[in-house]
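Just the one chain here, laid out as structure tokens, in the form predicted alone.
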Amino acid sequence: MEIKLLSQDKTQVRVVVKGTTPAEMNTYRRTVLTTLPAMAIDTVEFVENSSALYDEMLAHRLGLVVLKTDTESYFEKAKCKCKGAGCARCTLELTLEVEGPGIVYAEQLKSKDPAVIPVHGKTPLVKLLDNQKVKLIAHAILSTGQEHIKFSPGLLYYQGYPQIKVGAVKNPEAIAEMCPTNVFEADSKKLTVKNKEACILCMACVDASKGDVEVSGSATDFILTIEPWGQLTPGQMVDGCVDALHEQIDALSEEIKKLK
């Protein structure tokens, strides 16, 4: 397998992966979505809530707050020594006490662990009017997307590496302008491929050119995108994916040995 970095910023990482299969790429996608652990608020104790939102609605919003995750300091409840009872090793307490008027934001949650705080502090939770108040205790735990999507740290998705053939295009300038990712450029009434790796296989150019442009995705080479939501960095997601796959392979190997 050959891997080449295409681009990297705070929101996503794109790489080219050559010499693999759709099945293997889909394994990585499913592992990131359902197996990597992340922190999220799981239960909420309301002391007071005189806002316009029911307790259940506010608890749901709190559960979707993205929390920066420290996977080295916490354990999943099922793997903790307390056996799921809830202790400092598997459960983090956050408190919120606000009185209106004003909008309550995620950044107003007070965490007992400064390493685990809301990633997007300006996430609105509820609007309070005069004399309205919210006071609560929230408990965040480490879990995976297999239990609930709120525990998933992000997305990993892929597409076949673009294979583009340009024929005798009659309207090259129109085709170049309509491409949403600026793959083509028209020079001297000729359509050429400027940035193949920007192609998203939308097939708009194929339809508009009436077959003069052919586009397909490779079955062995892929463009892979890692898009974290903030709990983990792209590097942590890749490391976690590899570790999770190794654990699954080892577990499968042990089960096979039992059958012999």
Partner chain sequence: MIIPIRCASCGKPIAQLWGDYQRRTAQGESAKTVMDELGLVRYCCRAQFMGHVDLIDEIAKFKKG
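Since the model is a prediction, treat every value here as computed from it, not as a measurement. Residue numbers count along the first chain shown, from 1.
One more form of this protein exists, namely the form predicted in complex with the partner chain; it is left out here, but the text below deals with it.
Colleague: On the criterion of a non-hydrogen atom at 4.5 angstroms or closer, are Ser51, Met57 and Val65 all touching the partner chain in the model of the complex?
Modeller: All three within 4.5 Å in the model of the complex.
Colleague: Here the chain is shown alone; which of Lys189, Lys122, Lys165, Lys81 has a heavy atom within 4.5 Å of the partner chain in the model of the complex?
Modeller: Selected option: Lys122.
Colleague: Work out which of Lys170, Lys110, Lys127, Lys135 lies within 4.5 Å of the partner chain in the model of the complex, going by heavy atoms.
Modeller: When the partner chain is considered in the model of the complex, the option within 4.5 Å is Lys127.
Colleague: Pick the stretch from 71-79, 153-161, 91-99, 136-144 whose residues have a heavy atom within 4.5 Å of the partner chain in the model of the complex.
Modeller: Contact-bearing stretch, as computed: 153-161.
Colleague: Is Asp221 close enough to touch the partner chain in the model of the complex, meaning at least one heavy atom pair within 4.5 Å?
Modeller: Contact with the partner chain, no.
Colleague: Does the 4.5 Å heavy atom contact test between Glu227 and the partner chain in the model of the complex come out positive?
Modeller: Yes.
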